[in-house]
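Form predicted on its own, single chain, as structure tokens, below.
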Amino acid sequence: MTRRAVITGWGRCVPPVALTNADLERLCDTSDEWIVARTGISERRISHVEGTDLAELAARRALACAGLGAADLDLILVATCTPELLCPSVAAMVQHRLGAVNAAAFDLNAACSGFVYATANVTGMVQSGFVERVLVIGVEKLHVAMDYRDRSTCILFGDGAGAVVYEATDSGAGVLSVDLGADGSKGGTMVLQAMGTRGDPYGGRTPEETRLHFEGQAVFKIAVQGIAGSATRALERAGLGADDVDIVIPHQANGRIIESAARRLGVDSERVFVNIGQLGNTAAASIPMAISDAVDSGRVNPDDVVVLTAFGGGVTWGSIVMQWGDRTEPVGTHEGELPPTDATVFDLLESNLDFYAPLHADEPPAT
């Protein structure tokens, strides 16, 4: 039998503080109706801790779900475009916190496609026999780069983390095929210049170079074509078609993008998992968070054909076709939680709002 990487554990970490559409109405010229109609998002989460803290908790939950200890891991791979520090990597910090003394560790940045790119790396390493058990985490603290008076970007993005455990198997389940791609000539459509979210992420920087540059209409067109094309190629490589798919778990970029890409792919909406409404676009964290939600809500069954597909800055895209394993129930659970906070969402955004205020000095305040 072919040696493959199969998911055996899953977990997520959702920050407790929500930024609702009603909150955004107080910050910029927008409305709940306008946001929901264009994105499908009602709220997104703002983290009161560093992304590494989110990653650690999601990792502990995934390990408990798989019934593994940290010392069982051969590798920790973190997908992120908003690391706490550039060096040491988030993966190395998580490795230390978990006590994963036998694991190598590194970060990967393919923006919103990061989890798919990470899974592709794991697939090759498992097939080669280099690793047996790998922890893959997607984590983002995106609110640092959001100008909350710019409705074209701030309505979309949120913070969070998701994690999965991949193990080697010869059961026939696991990753069946991979498709990856990139087009650097279109990289200017999504640009994030700043690095490192720890402490004061705004110190010594200008608002212009810190906030996310995002060309929404251009991204929409590229994303729909990229996701549908990539998923189609991955299915063809697996010898499958759209009718064979039990569930698509896409990057939660935008409700309209997901709907359009699914139509182009030929998969009806009942077979597409969407959880963007309460979480927003969490970039590299969105697919592992969605996997966790999909499994826990009973949307994934043993032996299901699952398609993961994403599009991100760079620009990058990628898809994974896998056959789910024989288990959809966790072996165990981790009871830990994030430290509590009394901060309101506006407390958490205060430094952000002050930093970006000079860009909007001549504009009337939102009502």
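A residue's number is simply how far along the shown sequence it sits, counting from 1. Bear in mind that the values here come from a model prediction, so they are computed numbers and not experimental data.
Below, we turn to the form predicted together with oxa(dethia)-CoA (UT7), even though it does not appear here.
Among 112, 279, 90, 289, the residue placing a heavy atom within 4.5 Å of oxa(dethia)-CoA (UT7) in the model of the complex is 112.
Put simply, of 327, 48, 334, 38 only one has a heavy atom within 4.5 Å of oxa(dethia)-CoA (UT7) in the model of the complex, and it is 38. The partner is not drawn, yet in the model of the complex one stretch among 148 to 156, 290 to 298, 233 to 241, 128 to 136 has residues with heavy atoms inside 4.5 Å of oxa(dethia)-CoA (UT7): 148 to 156. Remark: residue 317 does not count among the residues lining oxa(dethia)-CoA (UT7) in the model of the complex, judged by a heavy atom distance of 4.5 Å or less.
In the model of the complex, at least one heavy atom of residue 256 sits within 4.5 Å of a heavy atom of oxa(dethia)-CoA (UT7).
Contact annotation: residue 223 falls within 4.5 Å of oxa(dethia)-CoA (UT7) in the model of the complex, judged by heavy atom distances. At a distance threshold of 4.5 angstroms between non-hydrogen atoms, residue 120 is out of contact with oxa(dethia)-CoA (UT7) in the model of the complex. Judged against oxa(dethia)-CoA (UT7) in the model of the complex with a 4.5 angstroms heavy atom cut-off, the residues 34, 190 and 219 are in contact without exception.
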